[in-house]
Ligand code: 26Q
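Only one chain is shown below, in structure tokens, and it's the form predicted on its own.
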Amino acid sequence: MEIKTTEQMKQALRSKLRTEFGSSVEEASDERMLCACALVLRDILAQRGVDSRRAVREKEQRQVHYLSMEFLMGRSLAKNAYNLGVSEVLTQALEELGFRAADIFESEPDAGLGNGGLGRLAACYLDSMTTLEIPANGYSICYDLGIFRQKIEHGEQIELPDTWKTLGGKWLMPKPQEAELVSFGGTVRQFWDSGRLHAVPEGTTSVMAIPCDMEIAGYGTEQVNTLRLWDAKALTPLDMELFSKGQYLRAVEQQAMAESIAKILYPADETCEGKMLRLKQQYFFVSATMQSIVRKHIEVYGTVMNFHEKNVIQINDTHPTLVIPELMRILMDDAGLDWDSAWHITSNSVAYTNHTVLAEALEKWPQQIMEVLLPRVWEIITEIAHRYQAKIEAFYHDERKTREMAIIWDGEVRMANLCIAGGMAVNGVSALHSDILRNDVFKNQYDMEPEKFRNVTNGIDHRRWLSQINPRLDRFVTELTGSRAYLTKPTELRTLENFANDASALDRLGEIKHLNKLDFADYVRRTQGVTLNTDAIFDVQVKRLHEYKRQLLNALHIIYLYEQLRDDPDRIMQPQTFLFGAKAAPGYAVAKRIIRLINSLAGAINHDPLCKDRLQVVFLENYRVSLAEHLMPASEVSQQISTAGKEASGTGNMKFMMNGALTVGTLDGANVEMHEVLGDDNMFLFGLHADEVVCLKQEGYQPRRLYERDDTLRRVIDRLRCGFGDGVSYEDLADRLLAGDEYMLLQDFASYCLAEQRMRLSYADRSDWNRKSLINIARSGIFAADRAVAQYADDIWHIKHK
């Protein structure tokens, strides 16, 4: 089905309303019309998806399988309409049918399938893989409630269920006929027969994995790829014998246990039960995925011997690591291969992307849990570990290095080490990050197998994060460059730089930013009841709340500015509106305290007459993709202030840059590469470099000494300790900084304040600021996901692309 005209779209919407909902256009609510729109576009996608998969089979093309615990898809209606080329047709049809198209698009909930940059990156890459006509599928869990919906009450984060499926689930196509069985627990009986070791699971508990497919449209192509999300169901939803005896809760116990696997993303894992559930989630989606991929491969080729030639399994961080032993299990236990043949296929199929240098994020699972929950997988991991350890010992003859590189050690299974041992490639996600992996985090592995290590700097879907969300800027780029070539060739943005000294172009760019600020202020007023000062600098820090991202450093600087105003009420100050958006993991107490602090600070500043029209602090509730789409076009300053060496890459920094915001940041993650293309003049750098952070820690960093000798810093910390008039003291945060300051906020504080001061001085010269903004946009093309995906395809996947 193809729709090219407004009349065809109107007819398709009317038909969907009648057949799916028994409703006329006149009877339809906005929500029902949203569902009809989704179903109409889903039909187009489904038909193209069938054709795309047929072409892959007929041409026997190599496929990419992208495994990630998160896919932060956001809203799909506007994105799919845009990629399918029917945005204008759909908008016009809705208006002519008596609906306000903007309200329909805005009523769609975000698909709650991710937490932050990891999931958003996966979503961007799916878009680019499809646009570049790379046969690819994404895989994850069909989370019932996603991460959570954030509510701020009395300044504190409250986590509420995110029931995104009510409307967002219309994009999903359940395929129960392709269900897979995933088994946990039990024991393994082994015996030899016909010269082969057989492993038979006994006494297991099984869960049914039901695929729910979401089709992904590419831009300017007929190619459609699939995001396969696995839902968990019990084999028997109700034990009739128990139910008939009146034991109603026990009768549905198996169903409840099965459904808990797909209930929520990242359940708290402080307890043994929490760890068990997380490991169940990881194995559930990995096992279902690998069974599905292998089954489909055999249907086409009749053998698994060429599996590695036709399939690439890309692991997005360590969460899907169990794909390695699970593929080994399938190849040996189900397909009957010997160890060496299975290992050759596996180790030439799997590639691993590392997304963090933080020790706590390099997953380690207790051996005891692994043995009980996944006995056969544990046996295979044990054998992999034994063979890899022998390899290490033969290469190094050094017990210390063996201990560091071992897959199993001291009762733990180290997932990152397993990824490196069992994969064909390991890549970091920025130049700095990859250097740290080679020279520090995985130095021993690199020295032993340097050929495995790569770098692929992250990228963003520039069609969504510029053209789709910032139509004024899109028109500006199109008119100045004379075409829309940048949509498929993002480096074409560079031609904008020809207008860096064109006064009329710079004035127009400034006007676009101002209008976007007015739009965002209207959105915030409608959604949060807050009035923003649109004459102030929109200074923005939005990202996951973690101490290394240093939202607290931003807050300390705001306290510093506030104290300056209290000392000198007549002080001339460039108006600044600080915008924060962040979710803290439910079990991360310090992160939740920082959210409370930001809201305390906002309450004091926003109600103090001294700060009126000069200083404002706003915490944007429930930060998510759709909120970011409103915010990015209006942002003027991007806060990328993580401790150098801690942020793997970042992608928010790229989205801000592409929308003309200027960066205040450290030389961390992709900021390093941004600095390479922007230079000192077009961003505002501060703070220690990554090597300086390491040296200072080795020398013995003592934050209390900084506090004692710096009057300004001491006053800020003391004010933090006292609180801000709402009866809440932040003595715990002050003591935490003085006792250790793990992420070196106090060390970088003075430098950060100076960088902010330089930024404000630059902002005062509007022409110069607009020129810097234009240069940021012009040089942002290299951070497009299309470039990153093409690099994966060329260097790691060895697959053709458009």
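Numbering starts at 1 and runs along the sequence shown. None of these values were measured; they are calculated from a predicted model.
The form predicted in complex with this ligand exists for this protein as well; it is not shown, and the discussion that follows is about that form.
Between this ligand and the residues E363, E621, E108, D213, the one pair within 4.5 Å by heavy atoms in the predicted bound form involves E363.
For the residues D680, E399, E153, E273, the 4.5 Å heavy atom test against this ligand in the predicted bound form is passed only by E273. Not one of D127, P490 and E676 comes within 4.5 Å of this ligand in the predicted bound form, counting any heavy atom. Contact check for E756: every heavy atom lies farther than 4.5 Å from this ligand in the predicted bound form. In the predicted bound form, at least one heavy atom of D269 sits within 4.5 Å of this ligand. In the predicted bound form, at least one heavy atom of Y548 sits within 4.5 Å of a heavy atom of this ligand. With a 4.5 Å cutoff on heavy atoms, A416 does not count as touching this ligand in the predicted bound form; it lies far away. The stretch in contact with this ligand in the predicted bound form, judged by heavy atoms within 4.5 Å, is 110 to 118, chosen from 520 to 528, 442 to 450, 110 to 118, 331 to 339. In the predicted bound form, E647, A648, S649, G650, T651 are the residues of 637 to 670 with at least one heavy atom within 4.5 Å of this ligand, listed from first to last. Note: T187-P267 Cα separation is 3 Å or more longer in the predicted bound form than here. If you compare C-alpha positions, P267 and A232 are 3 angstroms or more farther apart in the predicted bound form than in the form on display.
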